[in-house]
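Before any questions on how it binds or moves, here is one chain, the form predicted alone, in structure tokens.
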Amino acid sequence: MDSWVFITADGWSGALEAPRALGGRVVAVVVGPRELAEGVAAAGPDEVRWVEPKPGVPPEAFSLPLADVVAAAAPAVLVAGADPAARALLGAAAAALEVPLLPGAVGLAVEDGHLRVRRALAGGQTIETCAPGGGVAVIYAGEDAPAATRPEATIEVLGLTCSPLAIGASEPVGQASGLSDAERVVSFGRGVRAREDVAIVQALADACGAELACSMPIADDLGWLDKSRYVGRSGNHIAPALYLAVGIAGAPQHLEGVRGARIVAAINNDPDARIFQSADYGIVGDLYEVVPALVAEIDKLDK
């Protein structure tokens, strides 16, 4: 069962690893700089097909010519991460193959010889298992996973040409969220299990006098916060005095958005979470226990 994975500079690790459960060949379609293609090749897909955009040309400009290449190969599964560019490439390829597109996928597997796609529904409160009868395209919204060590793949250059997209804004777009000027930011990720539990993190932000933010899947896939509040390479880039990450694994695309933070602190129940590699301070524990305890201690200081 061949899988083609669309990768841009906005993220790729989780999307690349997810199709491994299917067993077949994994072909990575990389649109970005040479360094990105080499990094993907080192992660060990079976093949890397690489397109290098010229300066000023966004990855989305290659959607149609890439769709023709993918359609000719007729893979069984298409996978992309949640970043906008990869989704645009995936959508064009899915249309060319005439296969359904499933957003919010958190897992792929083969059971009894048939593909199963697990995806989040109802704001992440339930998981649906889909059994597509034929080919399918999925937007992977699961946790970013470290790429396994495998033999380095060869890189094939795709000499595609396209016209640059003319993109303009009809009116100025600003950061209405207040994140850009905030001295303190409390942010949360998929470690928060339900939408109503956002109130737990909001209480911590209020106690700290901080703005509330989130990782991209929280806003983009689950819709728990407005998209103006997600932090990451394709979202807000902020530089607060304190950035407190609650239940965030620490994907590279997320950490890119807080590179300028003076102090990064993290709460996560996984001692091996990637966020701790970048944090100045960390607490290993269940956020549902740690966060209320922190709020209680902060309240004592204010009395």
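Residue numbers run from 1 along the displayed sequence. In this text, all values refer to a predicted model and were calculated from it rather than measured experimentally.
From this point on, the text means the form predicted in complex with a small molecule, which you will not see here.
- Scanning 185, 85, 231, 137 against the small molecule in the predicted bound form with a 4.5 Å heavy atom cut-off leaves one residue, 231.
- The contact with the small molecule in the predicted bound form, taken as any heavy atom within 4.5 Å, belongs to 216 out of 216, 93, 201, 79.
- Not one of 19, 25 and 111 comes within 4.5 Å of the small molecule in the predicted bound form, counting any heavy atom.
- Although the partner is absent here, residue 63 is not a contact residue: none of its heavy atoms lies within 4.5 angstroms of the small molecule in the predicted bound form.
- The small molecule is not drawn, but in the predicted bound form it has no heavy atom within 4.5 Å of residue 279.
- Contact between residue 248 and the small molecule in the predicted bound form is found at the 4.5 Å heavy atom cutoff.
- Contact check for residue 235: a heavy atom falls within 4.5 Å of the small molecule in the predicted bound form.
- Figure note: of the listed segments 263 to 271, 28 to 36, 66 to 74, 41 to 49, the one touching the small molecule in the predicted bound form, with heavy atoms no more than 4.5 Å away, is 263 to 271.
- The pair residue 40 and residue 251 is looser in the predicted bound form: their Cα-Cα distance rises by no less than 3 Å compared with this form.
- Look at residue 256 and residue 102: in the predicted bound form their Cα atoms come 3 Å or more closer than in this form.
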